[in-house]
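Listed next as structure tokens is one chain, alone, in the form predicted alone.
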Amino acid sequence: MDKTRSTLLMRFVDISLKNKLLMSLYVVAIGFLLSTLLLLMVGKSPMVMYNAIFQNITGYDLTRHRFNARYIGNWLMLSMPLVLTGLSLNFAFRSGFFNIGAEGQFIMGLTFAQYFAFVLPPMMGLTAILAVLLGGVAGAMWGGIVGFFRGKYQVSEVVLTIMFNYIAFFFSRWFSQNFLPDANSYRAANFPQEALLTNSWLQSITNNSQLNNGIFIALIALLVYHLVMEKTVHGFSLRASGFNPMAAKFSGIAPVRSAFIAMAGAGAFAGLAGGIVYLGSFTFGRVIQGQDGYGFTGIAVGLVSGGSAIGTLLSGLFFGLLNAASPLMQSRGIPREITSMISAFVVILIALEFGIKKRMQSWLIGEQVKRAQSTSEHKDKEGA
């Protein structure tokens, strides 16, 4: 390799190592590349997949040359809960904890958001917001319990949150069937109109999509996350605990309080996600039949995002896009499971990111040492 190419490659590697978001973009690109090869191997056209994705992003159907903003609205609607569950992962992760329990916190959020949607006084514009916020509080309390046990007794938060996911699921079924009006084994009464997150203006500009006021809640949550983690003393304390727990402890940061706040904050974001899904997409109370998977997908969203608010937004939009595009792909002959495979490729590559980075750093250091030795030898020859 000549010197110019080697220099460009070194600069490329150096920039990539310093930018987490750039590494995530590489991972997503490789995920699409692998999926493209997979489609070619089974005799399907990758262009159908890319057309479906393009249609959801722009609303424009390249095959029929028609524009329909509904695709854009539904894409955004599907992305917002994933953004929130991604924040849930990131809030805990940057504080030194791995929150596998976003699914359970999501369930607690939807359960109590539904309950308060029925019991709060009907106030147009307020009931829905209050119900979602109270759902967030329920998610925070559910996560906070795990944080307390983690901080006080050093119990693994991974094991606890996995178990709490199951408890939340069965608790939600019991609670919904006993406390929601006219509930049976799969649904309850219709929500009051004041308790719905529907927004007629958003629906009108997106051709009657399901886009609702949940998008504003998600955007505010992103702003709050950014301000708390990057601009406040509490955020610094949480990040310090995550970076070096022992140093943080000797600096006066209480481990129990730190663990409680980290997991409660994570639970709050997941709880909000549960609220906006159930009060934004359904007109009646639901008794859940299984785990919806928003919390588990949020883990992938958080891992790809690099931890920043803007990264979480982009990552949530990406995974929401895959969800939104899968029915369209299926209608055109591409198995909808291909989107799950793209997600899986991305998550696997993210899991390998540490090892890849280590090899890139080793190669970069080796090249820099060679350059330094070469320069030194050249100077010695000139001096002789």
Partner chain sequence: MNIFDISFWQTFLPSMLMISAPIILTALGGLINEKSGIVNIGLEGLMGFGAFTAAAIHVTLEPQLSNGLSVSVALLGAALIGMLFSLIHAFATISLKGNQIISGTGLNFLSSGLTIFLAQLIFNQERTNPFKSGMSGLTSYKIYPSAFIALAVMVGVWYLLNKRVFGLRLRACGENPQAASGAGVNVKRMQYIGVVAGGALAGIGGATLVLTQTIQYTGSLINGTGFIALAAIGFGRWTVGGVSLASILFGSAMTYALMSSSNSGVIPREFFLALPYIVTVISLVLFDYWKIKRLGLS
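From a predicted model like this one, the values you see are computed outputs, not experimental measurements. Numbering follows the first chain given and starts at 1.
Separately, the form predicted together with the partner chain exists; it is not shown, and the next lines address it.
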With the partner left out here, check for me: in the model of the complex, does some heavy atom of residue 297 sit within 4.5 Å of the partner chain? yes
Contact flag, residue 231 vs the partner chain in the model of the complex, heavy atom cut 4.5 Å: no
With the partner left out of view, is residue 170 within 4.5 angstroms of the partner chain in the model of the complex by any non-hydrogen atom? yes
Even though the partner chain is not shown here, does residue 160 get within 4.5 Å of it in the model of the complex, heavy atoms only? yes
Of the candidate stretches 109-117, 94-102, 215-223, 307-315, the one with residues having heavy atoms within 4.5 Å of the partner chain in the model of the complex is 94-102
Taking the partner chain in the model of the complex, which residues along 42-61 bring a heavy atom to within 4.5 Å of it? 42, 44
